[in-house]
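A lone chain, given as structure tokens: the form predicted on its own.
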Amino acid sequence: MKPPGEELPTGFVGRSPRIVQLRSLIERIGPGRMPVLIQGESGTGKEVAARSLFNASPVGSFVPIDCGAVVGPLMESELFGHTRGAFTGAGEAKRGLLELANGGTAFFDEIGDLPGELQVKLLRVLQEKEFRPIGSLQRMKVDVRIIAATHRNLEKEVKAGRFREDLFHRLNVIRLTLPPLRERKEDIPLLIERFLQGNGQGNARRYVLTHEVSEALVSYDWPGNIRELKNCLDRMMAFNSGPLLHFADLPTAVVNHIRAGREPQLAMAATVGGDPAPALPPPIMPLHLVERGAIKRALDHLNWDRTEVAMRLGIGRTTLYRKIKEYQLVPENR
């Protein structure tokens, strides 16, 4: 049995109770063919969950369908296909995405954006296991598992008349709710490690975060969830040759969040006469102080494994030993 923090075939990284429970649920329901509704905020990994369900028993093809990308007649043609001459511009017959998914899984991403007239036709697919391509008089039988995902509250969409109640109940046989990243912050360090390693594609063990950056990333609420965290780290790595990623490399939104959080602490300390919270690093510091701090944090982070530190910092062991002596660095417990 794999440790709870290790990435399993479900594709989710984390040790938090909700992620452990989600992995277990995906492994149980994945091999089935019942419809699944996945709900969660943007960036929480809804397509990852859908692919994980498919990978639990990979029969046929996994066909993603972006319900918000195409609208009107083009969307109907994308879904159900059309015959030659069915409409102006239809010079050749075309197979639809549902036909391509026959025998496998169709993933309707952002199902809440599906137009009303197509909701009716999708309902027939779920009920009768058949559809009719545009311009055809023949109905086509189809065996496809439907997985739908949305960031919307579909119950509210039903009450507002924007989503069919009968289709909602057909889709809502099994529901997965993905937690936002702010509700599982204990998983952020594991996600950071995964993203810094570049999924094993050449960037492994190249970058390391300073202590200030690690604290900032864990304290931030990440309204864009996992996608925003990954984009943040990708941006930091793109603009920094490494190996250390500093506070100054953080996006403005994260920096502003940290500054806003520390202002009340500074005001309280000034009011009661206590010690203020540690100040943010100044925008410009003497180079030797930057280097000393980077080496010290790397040593402490890696338990003074000098070989590992030298490799992570991209310097030779001889250089590292010289810098340790020059800056008079010692382990904290000495």
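Computed from a predicted structure; not experimentally measured. Note that residue numbering follows the sequence shown and begins at 1.
The form predicted in complex with a small molecule is left out here; the points below concern that form.
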**Request:** Please determine, with the chain shown alone, which of 56-64, 26-34, 303-311, 40-48 has non-hydrogen atoms within 4.5 Å of the small molecule in the predicted complex.
**Result:** 40-48
**in the predicted complex, E157 touching the small molecule (heavy atom, 4.5 Å)** = no
**Item:** the small molecule contact in the predicted complex: I226, any heavy atom under 4.5 Å
**Value:** yes
**Prompt:** Does the small molecule come within 4.5 Å of any heavy atom of L22 in the predicted complex?
**Reply:** no
**Request:** Tell me, yes or no, whether L245 is in contact with the small molecule in the predicted complex, where a contact means a heavy atom of each within 4.5 Å.
**Result:** no
**Message:** I need to confirm a contact call. Of I146, L191, L122, M75, which residue comes within 4.5 Å of the small molecule in the predicted complex, counting heavy atoms only?
**Reply:** L191
**Fill in**
the small molecule in the predicted complex has a heavy atom of only one listed residue within 4.5 Å, and of K94, K230, H211, R170 that residue is K230
